[in-house]
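Here you get one chain, nothing else, as structure tokens; it is the form predicted on its own.
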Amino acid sequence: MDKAAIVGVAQTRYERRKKDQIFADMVFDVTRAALDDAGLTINDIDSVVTCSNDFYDGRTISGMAVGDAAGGMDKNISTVSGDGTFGAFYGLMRVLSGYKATIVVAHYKGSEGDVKITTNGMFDPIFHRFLGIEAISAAALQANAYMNLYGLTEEQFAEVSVKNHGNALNNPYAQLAMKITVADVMNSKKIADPLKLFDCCPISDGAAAIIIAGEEIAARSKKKPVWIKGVAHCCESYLLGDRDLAKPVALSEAARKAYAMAGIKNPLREIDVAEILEAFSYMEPLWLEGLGFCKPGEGATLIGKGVTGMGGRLPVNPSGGALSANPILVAGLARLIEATLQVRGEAGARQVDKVNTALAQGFNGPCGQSHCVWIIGGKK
């Protein structure tokens, strides 16, 4: 395919509540910052993609409320109602179809709603919504299924929280950066068995933006272009009862296609760093298995051996991941931004040595119903 690159990135600091900013304020800030990062002006952009959701924003046609702040005036603009990795996928498609450059912007203010009420809306409206199931209780079902199939323990999941909150101490954008122990996680408040407070992501406010460009714009961008090597997404059944929650089928298929496009044969050897969307601690080992970094049931062992630590063979979530800040819709785009900074060598104290190839992943829907996987690198 034609070559396309990420040439500009920006994100806000993620916080529990941004009381002095509305959606458009945050979007304007990251739009301007991404343009500055790329050394471009809004006149260099001919396509805009916003990521928003009417349930989360509390208004219909929510994308229209931020279109002007994202620089959409007199431009082709569209909205993706889903995670930022999927919005970026759409932005890439636009560039490959002839646009010179697309800016992709995502925003979320969890402080202005009730996550349990809004995520209840993603379930079947005839039967399941009335059971009260929402994102957290659904995740607890998946965690239990995963534990029971492979004989995993809550302490193994707690190691993810310890690692990622610790990594967040090096990330100025992170919301929850702290040094904790497995005992701290185990003693934290039970939310939905087996998930405890420190197993769960926080409620977050924030926004992020990236600019994807073709070779013409990339050649004159201020920062080193980060080239898109492979990307794919896949979706499985809507109803939880129709899926084996302990086997991330959609993620495995998306990863297989992205690796094939990027020429990746052995992901554990060929990928230098991974940023994955783990809204709950158990998701990181489960997603590692789906991404093919290890065999099914061995994700927790990979983490326990230190392979995914900052000094390990495959550092995972050096930014602190979604456990340290999870603005829904924005979180996946943040993973792609963090992976981009790693390839550039601009990740500051969270920088991993010698990053040539990075992976970013995001998901939509309950228990990872659909996944999007990105492979990016510094060479064209």
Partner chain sequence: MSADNQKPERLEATFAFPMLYEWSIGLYGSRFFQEIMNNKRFIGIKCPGCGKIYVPPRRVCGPCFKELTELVPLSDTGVLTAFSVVNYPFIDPNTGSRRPIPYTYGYIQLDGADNIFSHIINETDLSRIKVGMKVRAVFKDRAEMKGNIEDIKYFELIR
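All values derive from a computational prediction rather than experimental measurement. Numbering follows the first chain given and starts at 1.
The form predicted in complex with the partner chain is left out here; the points below concern that form.
By the 4.5 Å heavy atom rule, the three marked residues 17, 129 and 137 all count as contacting the partner chain in the model of the complex. Partner contacts here mean any heavy atom within 4.5 Å of the partner chain in the model of the complex, and among 170-178, 226-234, 141-149, 247-255 they occur only in 141-149. Of the heavy atoms in residue 216, none are within 4.5 Å of the partner chain in the model of the complex. In the model of the complex, none of the heavy atoms of residue 264 sits within 4.5 Å of a heavy atom of the partner chain.
At a distance threshold of 4.5 angstroms between non-hydrogen atoms, residue 197 is out of contact with the partner chain in the model of the complex. Not displayed here, the partner chain is kept clear of residue 155 by more than 4.5 Å at the level of heavy atoms in the model of the complex.
Only one of the listed residues (294, 186, 77, 192) places a non-hydrogen atom within 4.5 angstroms of the partner chain in the model of the complex, and that residue is 192. Of the residues given (305, 220, 116, 269), 116 alone sits with a heavy atom within 4.5 Å of the partner chain in the model of the complex. Taking the partner chain as it sits in the model of the complex, the stretch 205-244 comes within 4.5 angstroms of it through a non-hydrogen atom at 239, 240, 241, 242, 243.
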